[in-house]
Every structure is written in C-alpha cells, then in structure tokens.
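So this first bit is one chain, no partners, the form predicted on its own, shown in structure tokens.
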Amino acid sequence: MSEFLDLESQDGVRMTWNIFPGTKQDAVGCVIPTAAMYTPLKPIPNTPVLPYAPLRCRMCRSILNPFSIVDYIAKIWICPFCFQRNHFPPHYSSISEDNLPAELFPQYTTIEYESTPDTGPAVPPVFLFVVDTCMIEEEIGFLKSALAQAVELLPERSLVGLITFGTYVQVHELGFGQVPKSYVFKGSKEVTKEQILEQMCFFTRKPKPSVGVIAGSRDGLSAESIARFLLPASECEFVLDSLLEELQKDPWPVPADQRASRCTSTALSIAASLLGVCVPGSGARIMAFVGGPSTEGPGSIASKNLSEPIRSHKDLDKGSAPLYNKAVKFYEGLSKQLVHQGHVLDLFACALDQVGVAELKVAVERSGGIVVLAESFGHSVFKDSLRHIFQSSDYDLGLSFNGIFEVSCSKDVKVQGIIGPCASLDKKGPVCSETVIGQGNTSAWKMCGLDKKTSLCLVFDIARKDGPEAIGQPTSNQFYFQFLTYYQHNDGHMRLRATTLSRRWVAGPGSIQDLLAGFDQEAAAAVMARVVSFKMEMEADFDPIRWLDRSLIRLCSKFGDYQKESPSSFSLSPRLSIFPQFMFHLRRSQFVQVFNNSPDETAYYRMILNRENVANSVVMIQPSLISYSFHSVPEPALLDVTAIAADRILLLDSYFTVVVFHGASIAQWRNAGYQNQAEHQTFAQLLQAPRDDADAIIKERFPVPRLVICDQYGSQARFLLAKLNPSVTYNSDNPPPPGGDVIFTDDVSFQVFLDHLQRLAVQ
C-alpha cells in the first residue's frame, strides 16, 4: 500500500490499476473501472512555481514535461501524447543535458506556473451572504453571532454583500451608510437580470448602453453603482455588523397549521443574477444560510400545509413528490448560470427538518460549493465549520476560484467522464469516450470553486484493440496522462498546475499477476462508492447491492487462487484481500442503504463523498476503530461487535461522526468519580486519551464531524453499533463474552458474506 501513498504524495493521484490493462477486452475483464482519483490542489512540498508561461505542443496543446523526448542539438522536443515535433523558442536556446529548465526535471512531474504581472492585477474574492430569517428567535441569535465572527475573519481585501429573505427578498445597500436601505423583491415571482438592473437603479448616473451584454465595470456599469452592494470588508464592517445586529425574524404572520413562507430559490436566483451583473468571471461565492424548507417560488420543496409531509425516499421512488422535479429543473438552470459566470454556491443547512439539499445538490456540486448540514445554527458542526472556512491555520481550506480542468491522454486511452464537483465545458475532442459516466463528452471541465481537499474521480476507457487491428498502434507499453488545472489562487493571481504521469500497460493471458501488483484496493473502494452512488441517482430500477455483489464475485473469480468447485481452496492475494471487506461495509453504508435517512441526508453524504480524497472516502465506507484499555497502548480494533468490552473505551471515526464509547465498567467508575482521586491518575489519563485523539480528528476535518460521547447500553450507543460487523446477534448460537454486547439485527455478518462469496467465486 505504501508505494501508492508515495505516488499520491508526489502528484496527488491514486489509480485503481497502477499497471493498466492493455486492451479493451482486458479492461472489461478487470471488472473494477480503470480510474484515477486526483486532488488538483493537494499541497505538495517543494513544488516549484515558475514565473513564466508554459511551453505547449502546437498540435495537441499539452505542456512540455519530463516525459517529452528532447533533442538538445536541434533544439526540438517530441510530445509524448501526439508525437508532434516542436521547436524550442529562442529563450530556451541555452538548454542542454546539464542545463535543464525545471519542467524537464524527472522529479517535477507536478509543477505550477504563475501568471506574470502583465496578465492583470490580483482580483479580490467576493462573498455574498444570503441569510434566511424565517426561524425562531433563538436560531437567528445563533446565526447572527456566527456571521459576526465570519465577517471579522474575512480576508482584508475581499468584497462583501448581504441578502436576507423570508416571504420577500431584501438586497441590502451596504454602501449607503446613513440609514439601512434595501431593495425588496416578491418571493413568489421570478426576477430576471434586466429587472434587477432596472429596479436597483444601476443606471441613475450613467445611461444604459443600447446594445451588448451588461457585465461588470468593464461592460456598461460604473464602479460606484457596483460598490453600493459589494464593498471591501474593511470598509463596511460597521454597517454589516449593525445590520446583522438588527436582524429580525421574518415579520409576516404564520398560521399555526402552516409552514413559514420561505422563498429560498428566488433569493438564490437574485444573488446569482446580482453577481452576474456586477462581477462576472471573477471569483465569487454565494454563501446561503437556510433554516427550513422552501415553500415559495419556483424551487419550493414543500407545500405550506403542515398536514402534508416533506418528501421522503419512498415518495421519490413512487413519483409522488410533485414539487421535486420542478425544483431540480430550476436549480439545474441556476447551476448553468453559476458555471457560466464562474461563481460558487455554498450551502449551510441547519434545521431539524429537511431544507431541500437534495434539490439544491446539482447547483452546489456543479459550482464546486461547500455543503454543511447540521441540526441547528447553534451546533458545533455548523459554528466550527464556518470558522474553519475563514480561519488561517495549518488546516485552512485554501479556497481557490474559477478553475478550469483539462485532460490529455495517450491516444489509446479515452475519458468516460468525471464524478465530482465540476461541470462539463462541452469541449469535444479525441480524448472523449463514447461511453459516458458523470460529467462526460468533454476534455475540459469548469471548477468554479476548489480547495486543497477537492478530489475528482476520472474514469478512463481503454481503446486499444487486440488482434489484427493492432497494427499501426504505438509499440511502447506506456500510457501517458496530463492533468492541467487553471485556477485563481487565494492570493488573487491566476496559476496553472500541471501533473504529468505515465503508467505501464500489460496485455494477454499472462498479465494477471502484473495487474494484481498494481491494484490499489483503497482507491478501488473509493471509486466503486462514487460509481454506485452515481448509478443510484441516475438509473431507474438500479439494484446497488446486486451490482456490487456481482462485481465482487467476478473480480474474485478472475484474480482469486482456487480449484474449481472447491470453496475451501479459495484464497486471495494480499493485494486484494481487504477489498471484500470494503465492499461488505459499502453495502451497509449510508451511500447505499437509504432507509432511515432523508433524501437531504443522502444527498449530503454523497456530495461529501464526491469531493473527498481516497483516505477520507475509505473512512466513510469502513470507519476506523481504536481501543483504549489498561492492558495495552491504544491499538486499532476490528470493526466488529466483539471489540466491545466492559473495561474498554472505543473511539470510532466514521467521518461524519466521531464516537467515544465507554464500556459498562468504565462508565460506572467514571460516574463514581474515581478519575478525580489522586491514586487513580491512570484512570483519568485513560478517560482523557480518546478525547484528545477525537479533538485532533475534529480539528483537521471539514465539515467538522459530530462528536458523540456515550456509554455501553445507553441510547447513543446506536452510533457505534450501527457500524459494527454483526458477528454476534440476538439469535446466534455463540453468546458474547462477559461484558460484551450483541446486535439486534438480521443482517448477515462478514463471515457469512465471505462464505457465500467463496462459494460463488469458484463456480
């Protein structure tokens, strides 16, 4: 496993097969898709940032890289992707084998280019807060204090705007400091860009141009008219603070049997249009704080009648959620507008009920936005996550804007698509595969928002044929890939990061051992989780459990060692041995089992899965469990019900929740107060150790996980029990050891799952 981690630390890439199947038939036989998990902005120490423009191949536009073949005498380089011969420009005239430019150093497979000052000034980032006021006073109080903190932490030169909404939408004019002044729009009516320009008096001083598109200060708007709504944080801090201070609950009366009239979609649409008019194409984020379901406007998700419940998974399956498709269609339109403008939508949904994350998913995900789901604006999950976004620390997110991601590959490899936070730019090219998954049919994608953690899953297609058609195909057994990410760095300058890789391919019947040697089980689990989630959303009547089981059986019968029809002879190479375990936990995870989760929660879990790297995805699929006891140092424990003991503390990290679970005896001793007595120092340390480790996890993670502290047999113990392998259930023959526990379930245990797998794989 360690060699895959080394490759990741060098380039931010993990591949399912690090030695590629060489032909289309081989790739189909490998079952697990040939895919790469790539983190474009992963901090890589010692990556050089070059102050000049990259050298491009004149044929395929890929960039000069360590795999290019260079003729130092004739000053020519040959592109590894299209074999085009390119001349070096005059300023490269001094290169020789001993005098290489950085981009040809073999260790710099990932390198950055920074725009020179003449490419334009640094652009300030824009933050537009869109705040829901249809909440109880207590929630508004929590939100006010969180926002006041966020405003203090904003980068000095960033621009800020404020929109509040309830029954009506209010756009606040921060530039008018004398008295609070705002423009009000009706929540049930759609507002166009033209109406915004007209009604918000953008042309009082400067007449409206008769032709052309109106976009920002370059095209038709005066800087003063924009500065009424978007001001530098340092200038409007006082006005913004006093506005937030006076923020009131929406004044419109709500009958006892009805939901508040909340026009989330209209507010977001006005926010997107306002940014589109004022700052198109520059890095901007709409940060929406929503405290309940939308009931007004084109994106409403529930009727105002409280007697009609909010849609559930069952309603969506049966097609009995009348508002769902209309809302999704509206947010699809909004996502296209945001991607076109280069702007991000972030969603902070804090309510006990659903707020419509499932409908908003398309707009947040395609614009590369952040999503945080919590029960209340007073909850640490929300407060700490919001602070985490703006705080500069070792774990800051490094928010970047306005990215474009491009891919070049050897001609025998095609790209089926990307599953992750991006949107297709419909740039057709020889790289596009006919089979499409995720955002496909393109060789370039827009990433309006991206940070250090954002990870994309690229699914490849091997186009190389076997047999007589193979004549005329290149004979070298390397596939080459180049990933280019243009983005606005958080210092305001444009940068380009280029990662170029090569991977060996093998073909034919004798290649199984080679393929296995390059199989990355963790990356494969993360890719399978993204693919199965995508299929569940896109394909009607898709059976995820059956699809995962059949894939696993086919994989094991191809790569396992066994004699036919003899399950007891079955064994798996260490390269593959923990993959069945990942699949067992994936089948039971919240990505596949939607029972007991609302559509909002399911959408939230999948959005986080689709943007996280391999290590974090694996924790979501198969949580980690650490055991603390008097007898030994903290050690990893099996994710099994047998790990529970009365004299142990367990720390479970399932990514979204971190659980500290005290065995029955430990809980009794703690309740008796032994940890406060001098002679029981060791016990006090034992109690503290898992808390410290939990804090360390929480500190570096985003969104901040929920911390659950519970005792054996307590009601909150369910957070741990739900994730454990049920090897001892209420009806199993072997009773648990004293102080152990049983799980009340009819789910099969991992052992039974494995027995069935062995029986079916050897057939």
Partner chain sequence: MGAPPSSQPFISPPPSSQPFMGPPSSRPFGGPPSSQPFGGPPSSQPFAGPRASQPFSVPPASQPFTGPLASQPFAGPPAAQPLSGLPASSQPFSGLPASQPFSGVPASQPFSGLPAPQPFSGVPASQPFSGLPASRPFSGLPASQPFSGLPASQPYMAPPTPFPGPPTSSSPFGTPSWQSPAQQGMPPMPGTTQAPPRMFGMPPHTPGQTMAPVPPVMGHSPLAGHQVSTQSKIDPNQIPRPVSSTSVPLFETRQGNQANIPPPATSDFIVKDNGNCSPRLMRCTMNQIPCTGDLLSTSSMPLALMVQPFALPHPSEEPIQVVDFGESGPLRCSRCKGYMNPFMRFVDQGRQFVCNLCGFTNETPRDYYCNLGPDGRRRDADERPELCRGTVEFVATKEYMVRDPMPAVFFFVIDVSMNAIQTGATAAACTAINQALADLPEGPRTMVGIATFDSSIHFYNLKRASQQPLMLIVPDIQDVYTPLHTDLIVPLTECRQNLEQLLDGIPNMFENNRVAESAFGAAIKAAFLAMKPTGGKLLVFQSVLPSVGIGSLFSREAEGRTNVSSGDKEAHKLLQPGDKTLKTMAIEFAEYQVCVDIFLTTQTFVDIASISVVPRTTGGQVYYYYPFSVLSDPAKLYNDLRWNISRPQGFEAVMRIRCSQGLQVQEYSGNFCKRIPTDIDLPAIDCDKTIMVTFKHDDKFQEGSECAFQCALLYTTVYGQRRIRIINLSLPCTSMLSNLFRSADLDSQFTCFLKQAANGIPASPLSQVREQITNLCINILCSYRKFCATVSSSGQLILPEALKLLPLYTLALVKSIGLRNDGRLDDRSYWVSRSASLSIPMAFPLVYPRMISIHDLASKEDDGSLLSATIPLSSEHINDDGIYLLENGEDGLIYVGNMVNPDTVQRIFGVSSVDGIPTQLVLQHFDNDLSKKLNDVVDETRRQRCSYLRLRLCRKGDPSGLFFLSYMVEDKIPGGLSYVEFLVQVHRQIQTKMA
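Numbering follows the first chain given and starts at 1. Everything numeric in this text was worked out from a predicted model, so none of it was measured.
Same protein, other form: the form predicted in complex with the partner chain, not shown, and the subject of what follows.
In the predicted bound form, the partner chain sits within 4.5 Å of a heavy atom belonging to P253. None of the heavy atoms of Q685 is located within 4.5 Å of the partner chain in the predicted bound form.
Using a 4.5 angstroms limit between non-hydrogen atoms, G319 is distant from the partner chain in the predicted bound form. For V179, a non-hydrogen atom is located within 4.5 Å of the partner chain in the predicted bound form, even though that partner is not displayed. Between the options K186, K314, K428, R691, the residue in contact with the partner chain in the predicted bound form by a heavy atom within 4.5 angstroms is K186.
Residue Q170 is the only one of Q170, S261, S598, S557 with a heavy atom lying within 4.5 Å of the partner chain in the predicted bound form. None of 244-252, 103-111, 662-670, 395-403 except one has non-hydrogen atoms within 4.5 angstroms of the partner chain in the predicted bound form; the exception is 244-252.
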